[in-house]
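One chain comes next, on its own, written out as structure tokens in the form predicted alone.
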Amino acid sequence: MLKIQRLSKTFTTAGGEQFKALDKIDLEIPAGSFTVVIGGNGSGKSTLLNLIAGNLKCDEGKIILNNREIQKWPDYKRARFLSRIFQDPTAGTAPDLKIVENFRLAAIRAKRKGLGIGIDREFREQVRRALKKLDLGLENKIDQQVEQLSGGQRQAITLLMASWENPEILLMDEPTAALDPKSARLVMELADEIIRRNNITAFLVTHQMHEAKRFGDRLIQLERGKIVRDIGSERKKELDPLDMMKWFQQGFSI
């Protein structure tokens, strides 16, 4: 169980004005659930993910995972249970390294300091088996440099790497925004399958309303740093993507 209690974050603009990105947010996220977060620009979506990931420090509140407060934990401790995928397909891989070398980095990342693994025959076979599921032919190119791949291929590999050591939490910040429709569908269907199979607690921030409706067990809308809609899986199935788009266009008064 992930609990977020009275989580707040305020930023100061270049002009000296204060902007409250999150305002006393409360959430309880059951283990293995898939939560979709939507909202307009500046609503607090990415701030929420950054606070969970530890990239930002909260001004107030707690983030509790399985009865452990994690909001002050350093990166190396979070890396053992948390992975993240960004909007930019190049952000999750080392372009100068081979595909198999990138997977080695992913495997080492979640290990305790001093525990490493080599790229032996068994590890190479593990990478091939994982890549074969993508049906992109990459299982035969594991010694190819990542920079030679397309954006969709890189994002799919990033997702596999992020889930390599079965993290407890997976954060996805608009992972399909830079992809063509076919690649976006591949990445999201793969993400959904991995999340379900491994019982990962996942968050997806998206502006794509068809993704927000199709994926996830729960839909949360943020506006002005507050939760203005919290919709479960059954009600979410009934939503019209066009109506969801109007939420962005018209705003939502709380």
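Model, not experiment: these values are computed from the prediction. When you see a residue number, it is the position in the sequence shown, counting from 1.
Although it is not shown, the form predicted together with a small molecule is what the next lines describe.
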query	finding
Residue (of T201, T47, Q221, T206) lying close to the small molecule in the predicted complex, criterion heavy atoms within 4.5 Å	T47
Residue stretch of 211-219, 181-189, 36-44, 59-67 approaching the small molecule in the predicted complex, non-hydrogen atom distance within 4.5 Å	36-44
4.5 Å heavy atom contact, A21 and the small molecule in the predicted complex	yes
